[in-house]
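One chain follows as structure tokens, the form predicted alone.
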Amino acid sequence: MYVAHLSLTDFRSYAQVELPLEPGITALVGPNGQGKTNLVEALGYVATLGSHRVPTDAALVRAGASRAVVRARVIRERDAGQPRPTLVEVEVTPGKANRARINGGSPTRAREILGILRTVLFAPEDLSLVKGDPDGRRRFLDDLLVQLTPRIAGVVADYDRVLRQRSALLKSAGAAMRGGRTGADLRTLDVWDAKLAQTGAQIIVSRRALTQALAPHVEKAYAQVSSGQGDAVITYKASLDQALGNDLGDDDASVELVEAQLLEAVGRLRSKEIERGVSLVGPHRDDLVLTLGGLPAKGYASHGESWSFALALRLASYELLTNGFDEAGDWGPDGEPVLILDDVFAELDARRRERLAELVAPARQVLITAAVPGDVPEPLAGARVDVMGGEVSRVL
């Protein structure tokens, strides 16, 4: 697949911009602060309904505007015959539910566009996947899951809603017990326990399967980027296993089994949860553990090794999105995603720049942002668009 056209209205720094694109390699070049990243951020938003830079949508709307609109014409080439263009539009309105349109149709839930455009985005923020807190690694898994199986977006949204409601109830129940009152809060808590287990089990099972599928690709990609310096291993660490006293989690456990285990775990932890007013077990407390040469990458890996691991996670994502991962056809191939490299080459040493450039050059569409043309490696020479002061112009 590739993006043939991007249109923005009141998105970030752009009141209005039209950007025609082609297959192959395109470099968006301009000094920092001129809007290059805003363009590729918009494409990432169409693919995942999230930004790689900020956790909420409010910052995406231009100052003084009430909403932002992103439109992308996506060409999907997986079917035989003539490629099929799909016009995707998403309207971002802070404080309200975002809306979307497909091919100019009636407004629908934003989640309906998921899966039409798929991207893999490399950015300086990726270093936090290795050096940062677990929430970034959980988000990495969930964003990839959403692109592989768009329905999981609804499950994640439901789980987040349940978690907020249950946490509020835990605080209320704790206050009631400290005041000598019991009853209604605890009976209601049983209902939210069941909802937490139901939605949480689906997320845990999906993340475990994804981690298993990614693992060999991560190991291979790390060897390619780092010239084989140490084995890169990823494993999924569930808070559920710790709560139940399991040393090793069951990666092949069914959704039904994990749901039952979650119910057992929250039952064991109920008194602690009420005392602390927080949910202590569930996918919101899990982690993707990264090890290098048998040691935790966080805290032990050098800066260069950490960058290689972060790049390996993105390259593995690209491989999985392109080729699928099992013989049964689950998460099967659906065409190459668009590769986006947002100012990443300025962060890498010469050897890693060269290796990454060689690995991504054959992709169907590669979009690169760079402050100066010299930041774009020679293997990625292609079309160039200058970005300056909110204006874009193609360099012939």
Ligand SMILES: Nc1ncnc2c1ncn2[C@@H]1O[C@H](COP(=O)(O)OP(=O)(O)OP(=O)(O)O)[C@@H](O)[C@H]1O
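Here the structure is a predicted model, which is why all the values come from computation and not from measurement. All residue numbers are counted from 1 along the displayed sequence.
Beyond what is shown, the protein has a form predicted in complex with the ligand; the following relates to that form.
May I ask whether Arg207, Thr235 and Ala253 all come within 4.5 angstroms of the ligand in the predicted bound form, judged by heavy atoms?
Verified in the predicted bound form; spot residues all out of contact, no.
Test of understanding: in the predicted bound form, would Ala346 fall inside 4.5 Å of the ligand by heavy atoms?
No.
Do Ser13 and the ligand share at least one heavy atom pair within 4.5 Å in the predicted bound form?
Answer yes; at least one heavy atom of Ser13 falls within 4.5 Å of the ligand in the predicted bound form.
Any chance Thr37 has a heavy atom within 4.5 Å of the ligand in the predicted bound form?
Looking in the predicted bound form, residue contacts with the ligand include Thr37, since a heavy atom lies within 4.5 Å.
Does Arg364 reach the ligand in the predicted bound form if we count a contact as any heavy atom within 4.5 Å?
Judged by the heavy-atom cut-off of 4.5 Å, Arg364 is well away from the ligand in the predicted bound form.
Suppose contact means any heavy atom within 4.5 Å; which members of 97 to 132 contact the ligand in the predicted bound form?
The stretch 97 to 132, when checked against the ligand in the predicted bound form, contributes no residue at the 4.5 Å heavy-atom cut-off.
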